[in-house]
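Shown below, as structure tokens, is a lone chain in the form predicted on its own; questions about how it binds or moves come after it.
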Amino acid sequence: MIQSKGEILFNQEVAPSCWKMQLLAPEIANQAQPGQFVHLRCTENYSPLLRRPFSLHRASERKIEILYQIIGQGTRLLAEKVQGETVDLLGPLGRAFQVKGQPEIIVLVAGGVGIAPLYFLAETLLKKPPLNSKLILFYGVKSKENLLGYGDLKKLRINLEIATEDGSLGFEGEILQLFQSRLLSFLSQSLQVFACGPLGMLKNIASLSLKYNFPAQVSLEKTMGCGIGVCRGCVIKGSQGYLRVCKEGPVFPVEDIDWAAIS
């Protein structure tokens, strides 16, 4: 874990109420793995008091990017920051996604801002040849105007499946419906699934994983205090005891979680 001052290179709105920030943070960028997060102080003072966790969306040799949605005081203040300002960062934190072996198919399922860590995962996998797996990304949003990084996604060498709830682009409906409609065709081959998005979507993916016996990992969101496993403010119930989202997660194999206890 590194604490550093990240210089803002850009901070721009990329969809309604959704922003992308790029920061110069060489030490964090060099260690970052897909699925990990940074814990960011939104102001120089103590209002708001707590840092905010953000999944790493991209990381190069010297720069990192985050995607965030304005939902409260912290993110509203963050959206007001401009190029040249600095923010206090802790990271990279948490457990990353882990692709095991060489599955024939790797499926990524993203809902809304959940695209953030999965884009980083896809980009990282494509930079590590040879990738013999077929890589498929299912990405769902309410409307095409809510798509985040669509231009960048189209440039990746992956199979891209889009769902919009209003039918403005791709499949009309929720992304889970589209994923389920394709799932049976994947099961004849070795498959690994990685997902991030709304809790209901993740619960359903966990249920499908257990029903059809394919491995799946999910990235969970939880309000955090310290972000380093000390305060235990982000504890969830696991299948073998309690788990800290900031430390044992945010990425979990679905079988490690007691889904009935999470709301």
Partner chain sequence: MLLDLTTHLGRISLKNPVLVASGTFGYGEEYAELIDLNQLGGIITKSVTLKPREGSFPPRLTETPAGMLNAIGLENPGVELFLKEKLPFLSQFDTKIIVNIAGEKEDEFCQVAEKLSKAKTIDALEVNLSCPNLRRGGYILGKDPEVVFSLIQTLKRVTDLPLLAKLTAAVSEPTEIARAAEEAGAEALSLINTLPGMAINIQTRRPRLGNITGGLSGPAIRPIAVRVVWEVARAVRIPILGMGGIMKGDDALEFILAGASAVAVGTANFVDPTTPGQTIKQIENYLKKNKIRRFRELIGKVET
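Numbering follows the first chain given and starts at 1. Predicted model, so just to flag it, every value in this text is computed and none were measured.
The form predicted together with its partner chain exists for this protein as well; it is not shown, and the discussion that follows is about that form.
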{"query": "Stretch in contact, per heavy atom within 4.5 angstroms of its partner chain in the predicted complex, of 249 to 257, 236 to 244, 21 to 29, 7 to 15", "finding": "236 to 244"}
{"query": "4.5 Å heavy atom contact with its partner chain in the predicted complex for all of 3, 222 and 225", "finding": "yes"}
{"query": "Partner contact for residue 215 in the predicted complex: its partner chain, 4.5 angstroms, heavy atom", "finding": "no"}
{"query": "Residue contact check: residue 57 to its partner chain in the predicted complex, 4.5 Å heavy atom", "finding": "no"}
{"query": "4.5 Å heavy atom contact, residue 41 and its partner chain in the predicted complex", "finding": "yes"}
{"query": "Exercise: residue 51 in contact with its partner chain in the predicted complex, heavy atom 4.5 Å", "finding": "yes"}
{"query": "Within 4.5 Å of its partner chain in the predicted complex: residues from 185 to 214 (heavy atom criterion)", "finding": "none"}
